[in-house]
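Given next, in structure tokens, is a single chain: the form predicted on its own.
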């Protein structure tokens, strides 16, 4: 299928972008940085084309659905959103050094999705619990939220290890200031929190339709709620008590870890759940 070939190209492009961004930072060559940006945009374009091709092919097979259902599609969609967020940040803050840390994450997600024998790449008919248009809102908000939280987590880690310094000559090839990293983390959390709120609300309606009640304390529901509460506390503290810096960076990392646990459970990798019974294979 065309989408499979396109998806196979994407990790190679993201790997090339990672190398280019790294060379740009190490040797401070602006031309290499521009090429890195162009290749990242190309990679995202190919990624988007693969997404659309898989969407069309699902209809040709009589199982038409937005390709965000199932671990393979969710992983590739998350990687696509991660790169989209990164490019927006690069344009906003006008530095490419952040790409050294974001593009490898997208690359690893794509490698795992496309090469792992544990992840099925076939387009299959969705089970009843994943049918209906409402599930598109549920899953798209979920993985857009994951991508935003991942960017926030990376920014927070860099904030904790960053020491401000340097001069104007190296400004474009060094990491953003701690203040900028803190702002990136906050804005990504704000986006992710909105998406995660939509995830939880649509999940409650799903629970009502499938199980007869809005909340079942299912493993995925529980871990998702914990992650949502961590981010809610962070945002509340930022608005009310002007939290920033180390405290919010640590909370950002903790919240992302809880959200990853939620994904692993939901995909059936850690525990059995109503979302995805454990089978030993994604």
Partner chain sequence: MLSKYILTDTDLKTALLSGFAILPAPMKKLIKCILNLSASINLTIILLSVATLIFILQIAQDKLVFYFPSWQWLSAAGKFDFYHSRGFFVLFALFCINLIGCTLKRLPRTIDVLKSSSKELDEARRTSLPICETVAVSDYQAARQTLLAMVAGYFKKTGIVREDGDSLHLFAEKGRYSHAGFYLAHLCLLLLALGTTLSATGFQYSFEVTKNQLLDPLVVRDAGRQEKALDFSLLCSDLKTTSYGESSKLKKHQSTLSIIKNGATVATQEVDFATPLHYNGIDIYQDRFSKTIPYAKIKIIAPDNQQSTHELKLGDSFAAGATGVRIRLTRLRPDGVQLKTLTLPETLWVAQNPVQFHQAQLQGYQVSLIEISQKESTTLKAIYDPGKGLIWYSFILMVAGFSICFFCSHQRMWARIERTGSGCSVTLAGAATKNAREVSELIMTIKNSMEYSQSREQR
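What you are looking at is a predicted structure, and each value in this text was computed from that prediction instead of being measured. Positions refer to the first chain, counted from 1.
Below: the form predicted together with the partner chain, not depicted.
**Q** In the predicted bound form, which of 146 to 154, 104 to 112, 118 to 126, 73 to 81 comes within 4.5 Å of the partner chain (heavy atoms)?
**A** Careful reading of the contacts points to 118 to 126.
**Q** Out of 250, 42, 52, 232, which one falls within 4.5 Å of the partner chain in the predicted bound form, going by heavy atoms?
**A** When the partner chain is considered in the predicted bound form, the option within 4.5 Å is 232.
**Q** By the heavy atom within 4.5 Å rule, which residue out of 257, 66, 46, 226 makes contact with the partner chain in the predicted bound form?
**A** Of 257, 66, 46, 226, the residue with a heavy atom within 4.5 Å of the partner chain in the predicted bound form is 226.
**Q** At 4.5 Å between heavy atoms, is residue 162 in contact with the partner chain in the predicted bound form?
**A** Output for residue 162 is no: heavy atoms all beyond 4.5 Å of the partner chain.
**Q** Indicate whether the partner chain has at least one heavy atom within 4.5 Å of a heavy atom of residue 96 in the predicted bound form.
**A** So residue 96 does not count as contacting the partner chain.
**Q** Please tell me whether any heavy atom belonging to residue 86 falls inside 4.5 Å of a heavy atom of the partner chain, as the geometry stands in the predicted bound form.
**A** No, residue 86 sits far enough from the partner chain in the predicted bound form that none of its heavy atoms falls within 4.5 Å.
**Q** Just checking whether residue 210 would be counted as a contact of the partner chain in the predicted bound form - the rule being heavy atoms within 4.5 angstroms.
**A** Flag for residue 210 set to yes.
**Q** Residues 204, 218 and 240 are flagged as a possible site; in the predicted bound form, is every one of them within 4.5 Å of the partner chain by some non-hydrogen atom?
**A** Looking in the predicted bound form, the three residues 204, 218 and 240 all sit within 4.5 Å of the partner chain (heavy atoms).
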